[in-house]
Ligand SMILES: Cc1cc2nc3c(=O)[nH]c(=O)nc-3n(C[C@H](O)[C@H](O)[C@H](O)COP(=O)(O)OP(=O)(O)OC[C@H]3O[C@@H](n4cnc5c(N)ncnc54)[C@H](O)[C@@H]3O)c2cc1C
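Take a look at this single chain in structure tokens; it is the form predicted on its own.
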Amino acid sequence: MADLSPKPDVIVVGGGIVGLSVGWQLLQDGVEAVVIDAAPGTGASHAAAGMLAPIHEAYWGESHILGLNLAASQAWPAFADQLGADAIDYCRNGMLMAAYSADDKALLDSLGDLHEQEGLPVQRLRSRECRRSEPLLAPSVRGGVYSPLDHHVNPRRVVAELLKRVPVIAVSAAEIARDQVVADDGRRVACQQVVVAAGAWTGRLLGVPVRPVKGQILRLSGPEGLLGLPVRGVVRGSSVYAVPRSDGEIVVGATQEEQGFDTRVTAGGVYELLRDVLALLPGLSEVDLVETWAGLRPGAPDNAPIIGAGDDGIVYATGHYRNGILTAPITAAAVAALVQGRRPPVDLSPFSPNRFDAMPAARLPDAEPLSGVAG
């Protein structure tokens, strides 16, 4: 069996934002690291809207995830400065969550109760206050919650900057062990430690319970500044969001579909997103629809990420579900610390890959081909 060069200290399997961030952190720490991915940055990271929203992603019963997300939010300013905040379109102007109907407001009020219980710095807004914060909102909006701690970034630009800094071997992984990866062409890359950040493909590679959760997403193009704030709305019980870019692009998403490794964009998915976002932000009806896309989020059974060393000796950095962009810097810092025998900056015990040992094995959906794995 032929070997692939170079022979690094650490191999990171998966070239999405998580895997690339882990590789970059290791390199900054003086550890020779390389990422393996046949098509880096083309998976979930390419589809993502880039919301860095620990507060608007807070849910009842998930305090441990909230704690990790808040730590990740605190890590983002320094991470963005290192990459170049302007280069990655990093914005810190907060986020507005709006309720379309009375029933939607009841749901939002429940989340507001959670925010207050957790001591999160949010502002509950009435209808007029919502429209004062974002004039593009429909007059029918019943109220909202503004979070100054929820920010946003352009994930495609983040990946582009990381790819300038991290070496990538453009092959797909077929077999993985603690100290080596065998590529799909039979060649082997040896190392001291393997880190798996393969996103939705982790389950197929190693059998851990990570499933793909499909998300369809749209990109609109309008005048710069048309939408001033990221808006996440509840519209007739459904969630929709619109995230502006500095160049006038607006990302609208995203569906949540248990469809295995299906990445088709469907008429129904596009319709539902446009229906809900235009009910919330009717002024977007005149802008251009420039792209439709579908990506696969990596979801674990308990919705929490999988970060840490497994019984197999492999270090995992996967299963980030909706928060891969947000948690990339803190995951990278934690994994780099583990690899180097240091204490991670956050408590990883709730996210251990070994927490699933007592769970019955689940059948994982098939996926062909195995390429372009992303964290």
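Residue indices: 1-based, along the sequence shown. The structure presented is a predicted model; accordingly, all values stated were derived computationally and were not measured.
One more form of this protein exists, namely the form predicted together with the named molecule; it is left out here, but the text below deals with it.
Only one of V270, L163, V171, L278 comes within 4.5 Å of the named molecule in the predicted bound form through a heavy atom, and that residue is V171. Between the options I330, M51, I55, A336, the residue in contact with the named molecule in the predicted bound form by a heavy atom within 4.5 angstroms is M51. Contact annotation: the named molecule lies within 4.5 Å of heavy atoms from the stretch 194-202 in the predicted bound form, the single such stretch among 107-115, 79-87, 194-202, 131-139.
The named molecule in the predicted bound form comes within 4.5 Å of a heavy atom belonging to G295. Within 4.5 Å of some heavy atom of the named molecule in the predicted bound form lies at least one heavy atom of V13. The closest non-hydrogen atom of P244 lies beyond 4.5 Å of the named molecule in the predicted bound form. Under a 4.5 angstroms non-hydrogen atom cutoff, the named molecule in the predicted bound form has Y321 among its neighbouring residues. Although the named molecule is not shown here, in the predicted bound form the stretch 33-48 places heavy atoms of I36, D37, A39, P40, G41, T42, G43, A44, S45, A47, A48 within 4.5 Å of it, in sequence order.
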